[in-house]
Each structure stands twice: as structure tokens, then as C-alpha cells.
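Next comes just one chain, in C-alpha cells: the form predicted on its own.
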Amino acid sequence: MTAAFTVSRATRASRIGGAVAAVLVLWLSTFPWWADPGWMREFEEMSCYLIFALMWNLLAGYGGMVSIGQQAFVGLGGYALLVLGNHLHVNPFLAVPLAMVATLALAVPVSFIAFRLQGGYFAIGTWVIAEVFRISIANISTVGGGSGTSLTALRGISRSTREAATFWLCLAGATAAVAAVYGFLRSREGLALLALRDSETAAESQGVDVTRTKRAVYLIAAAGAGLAGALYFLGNLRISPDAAFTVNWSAFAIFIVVVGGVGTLEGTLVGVALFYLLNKLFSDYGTWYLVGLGLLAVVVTLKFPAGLWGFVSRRFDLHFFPVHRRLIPPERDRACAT
């Protein structure tokens, strides 16, 4: 009687990476007790970009739905936080998850409009939707109009408490976003998403509800973008339509994902780290900095079509977030799986 093959979804790299990630999160959680506030603010900003880029990658990299208007939900999340905190007098830290839920609720009717479009029309249509939200909110005086307003709900909260709570919320949000996206991709729904990205017709022939799956991913990405917006403007203390709905959110997310590696979680992390370093070193150069980012993205795309992590992953068969199943022969030691 021959032994059966075993199915493995983990790799040696993923086990080691999981342990390192847990230690890293625990170490980061101590920042409010000893780190410089400037470091904490930089981490909070990069956490928001990480969350947004993860959601854009889920939508476009894994789902094949390229959007250049996801900043609509960043703005909605930020303004939901403002309304909950300033006008409804909800604790601003509690208002963060509520703002995410509010963004998700607003994304439902928007999805019915967006999914009437396909391909390039979908990409342009999402940008138009974001502009409609920006112009509409700029004309509402109760939320500051075009000039924006401050988050006055934080008055009365000491600076140390505010900085610590904001940092921990950003850390928790980034960790939860990575875990949620990874868990989704390993689920049956994630498998369906990968199938429809490759061929909607083939996926539908195998029983995948294409419309339902695409809308679910769109709503998840919208909720994540809303969370990023709420966290970003909680730390920024001020919000305006131009800052909340700027297309730079999508531009930076595209840079992060394309340079790091489209369709990989590791690529998004690598892209965020590279974006942070470039932002730290060259952001003072203004528009030339943005031109440099664009040129770098072009060079990486030409030299490494799968992104930096895609190149490393294929060359060394390295996977910290494996989503595929692997058959392990009975004579092969499981510990050798990589």
C-alpha cells in the first residue's frame, strides 16, 4: 500500500517569517513608550499607505480590476471620522472603525454604478466618482467646505495619549489588513478571485459567481481604503477635500505595488519600504521627486516585469505568504518544503 501525498500550504520561509513578524509587531507596539514622536508619525503615515496599497493590490493585482479612483473611499473614511467625532461627539478613536463601516455602506451603491463599466472605462469611471465626491464635499460648509477643517473632537485629550492611541490604532490596522487580505486569499473566495482574474469565462464555467465575487472584493477594498483614510486624518488632525480625494493616493499605491510586485503581499511590503526610503531621502525635491518615482517605476517595469519581489521570489522560490497548495511526495521530508 503506497502512502498518500500530503498537501502543504506553508513553507519554511512562511514559518520563519511569521515568527519574525510577530516579534516585529510586539517591538513596534512599544514605540509610544520610548520612540521619538517623529518616528511614530512616519510609521503612521506609512501604515496608511500600506493599508491602501494592500487594498489596491487586492482589487487590481489579484482581481484584475484596475482602479485609479480608490481615493474616493480614503476621503469618505476621513470625512466619516470628522462627522462622527466633531458633529456626533463619538470618541475619535472609536470613530475609526465606525468610519470604515460607514465607508463600506457608502461603497455599496457606488459599486452598482462602477460595475456598469468595464476595462479602461472602469478605471476612468472610478476616478470620475472620486472627483464627484471631492467637488460635492467641497461645497458642504458644515464640514469645512473647500478649505477643510480640523478634527476638534481631539481637544481635551492629552498629546501623549493621542499620539500613543493613534500609533497603536495604525499598527493594529496595518497588521489586521495584512492578516485579512492573506486570510481572504487562502479562502475559497480568494481562489475564485484568482480564477476570474485569469479568465472570467473559465471561472464562471466552474461555478464562480463572477459578479458577486468582484463586488465583494470591491467592497473589501473600499472598506480598507476608508480605514486608511480615517487613520491618516486622525494623525494629521486636519482634513480638506483636496488632500482627502487627491489622485496621489492611487498614484503612490500603483508605484508601491508595481515596483514591489503586482499580485503578491510580499511585494506590497517591499514597495512600501522602498517608497518610505525614497520619500525620506528625496521628498524635498518637490515635483522632481514625483518625476523620479515615475521614472523608477518605468525602469523597474522594463527590467523586472514581475516587480522586485516577483524577481526574487521566482529566482529563489521564496514565499512568505503562500496562497497556493503544494503536493508533498510521501518520501520527501515535509521540513524540506520551501
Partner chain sequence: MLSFLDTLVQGVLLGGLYALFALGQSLLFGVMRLTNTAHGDFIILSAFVAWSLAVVTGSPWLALIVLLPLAFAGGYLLQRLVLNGTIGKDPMRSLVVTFGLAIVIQNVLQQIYTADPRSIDSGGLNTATFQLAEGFSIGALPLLIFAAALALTVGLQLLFDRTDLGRAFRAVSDDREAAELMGLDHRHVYALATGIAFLVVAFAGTLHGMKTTVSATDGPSLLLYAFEAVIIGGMGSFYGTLVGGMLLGVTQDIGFRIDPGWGIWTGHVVFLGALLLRPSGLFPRTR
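This is a predicted model, so every value here is computed, not measured. Numbering follows the first chain given and starts at 1.
In what follows, reference is made to the form predicted together with the partner chain, a form of this protein that is not presented.
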Among Ile157, Ala179, Val108, Leu117, which has any heavy atom within 4.5 Å of the partner chain in the model of the complex?
Leu117
Answer key: of Leu274, Leu308, Leu290, Leu28, within 4.5 Å of the partner chain in the model of the complex (heavy atoms) is Leu290
Would Ala10, Ile16 and Trp168 all count as contacting the partner chain in the model of the complex, using a 4.5 Å heavy atom cut-off?
no
Is Ser136 close enough to touch the partner chain in the model of the complex, meaning at least one heavy atom pair within 4.5 Å?
yes
The partner chain contact at Thr301 in the model of the complex, heavy atom, 4.5 Å:
yes
May I ask you to state whether Trp56 is within 4.5 Å of the partner chain in the model of the complex, using heavy atom distances?
yes
Would you check, heavy atoms only and a 4.5 Å threshold, whether Ala60 touches the partner chain in the model of the complex?
yes
If we take heavy atoms and a 4.5 Å cut-off, which stretch out of 252-260, 80-88, 217-225, 232-240 is in contact with the partner chain in the model of the complex?
252-260
In sequence order, the residues of 115-135 that place a heavy atom within 4.5 Å of the partner chain in the model of the complex are Arg116, Leu117, Gly119, Gly120, Tyr121, Ala123, Ile124, Gly125, Trp127, Val128, Ile129, Glu131, Val132, Ile135
